[in-house]
Structures are given as C-alpha cells and as structure tokens.
Ligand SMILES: Cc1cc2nc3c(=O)[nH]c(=O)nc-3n(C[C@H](O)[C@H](O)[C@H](O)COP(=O)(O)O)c2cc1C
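What follows is a single chain, given as structure tokens, in the form predicted on its own.
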C-alpha cells in the first residue's frame, strides 16, 4: 500500500473483530509514528495504551461513572462549537444520518442511537485503546503536532492491516479516564483512539464520508 492509497482508504472504523493485537505490533506502529512532524522538535505528545485486562478495567470504570451520572460532562475541550453554523453543521448532520441509515436506526429511535454512541466507551469492540495528552502549558501549535502524530499512527496501523477510529467522545469522560490512566494535573487529555482488526461484515464499516473538492478549500496565488 502506498501513501496515496493509505490516506484515501483510512476511515473511522466502528466495528472490530474480537482478535488481539500483539504488543510488539503496537510498539512497531508507535516507533514509526514518532517520526511525525513536530515544530521545534518538541515532540510534545504523550500516548497512553490500554489493552487486555487494563482495557477491560477502564471500560468497566467508565461504565460505572456513566451509570452513576449519565448526564455528566467532564469535557475541558469543546469538540464542536456550541452553535455550529453551515456549511459545517450540514456536513456533520449528513455523515451522522448516513451512518445511522447504514445501521437501520431511524432518527426517532433515540435509545438505539444512544446505544450506538455508547459503543465509543467500549472502543467499538477494538482490543486496543490509545489516549493522547499534552502538557497544559502547550498551545495550538503543539495541539496541531499531536494531530500529526495521530494521523501517522492511523496510517502506520493501516499499513499493518489494522484499522482505527479517532474518538473525541472520550472527552466527555476526561476526568474519569485521566484518573484511571494516572495522568497528572499538569497534563490535559485530548481524545482516544480505537485500534484493531476491522470487522468486514459490519454494515457500519461500509460508511465512507464525502469530502469537499480541492477548489472549495484551497486558494492558489500564482502572480
């Protein structure tokens, strides 16, 4: 698989096989991704990996927190602006509806939609979860560097036959997750990532979100 194929074929996988991933493979992926761009070579990122019994304990811990207070929001970062205007709101709505259409869940079936959303907190069945944090003194530049690392991890995983899903949903339980992982007060949790082998039979994995054309986001100044 070349770079172009990897970038175009990477998706947010939301159903995984019950198949373990070797720690050696994970270390190889991170060893590749550590060469991601980093302004000033700060390499500001921290990656926290959960697998096996550790993954299971985290899921159980978060489920208990949700059961105790289902409406709690532990987010420090806004995943989306409070009032998202067009065209961004329209794009978000369209991909969401496309996903639920694949799953056969109508808009009026709120319990089923919430149940699918809660699958985030099980890594959609993936055997590995990764979490990303930064020292609180860092600003937007270093957050951009972290994004480059995350993309590099996703592409390196794809090259090894694995799939991923970036999961900002974990931000809603940032305090619970941070406490479990032992993330110190001077660090801020961003999000999680599910990693494993994609379930080829799962309808939701057929979802391919659209992209706007190059001319819609790029400006060329040649003189």
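Keep in mind the model is a prediction, meaning the values are calculated, not measured. Numbering follows the first chain given and starts at 1.
A second form of this protein, the form predicted together with the ligand, is not displayed here; the remarks below concern that form.
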query: Check all three, 143, 146 and 178, heavy atom within 4.5 Å of the ligand in the predicted complex; finding: no
query: Contact label in the predicted complex: residue 98 to the ligand, heavy atom within 4.5 Å; finding: no
query: Partner contact for residue 188 in the predicted complex: the ligand, 4.5 angstroms, heavy atom; finding: no
query: Exercise: residue 38 in contact with the ligand in the predicted complex, heavy atom 4.5 Å; finding: no
query: Residue 124 within 4.5 Å of the ligand in the predicted complex, heavy atoms; finding: yes
query: Contact segment among 58 to 66, 189 to 197, 39 to 47, 153 to 161, judged by heavy atoms lying within 4.5 Å of the ligand in the predicted complex; finding: 189 to 197
query: Neighbours of the ligand in the predicted complex among 159 to 186 [non-hydrogen atom within 4.5 angstroms]; finding: 165, 166, 167, 168, 169
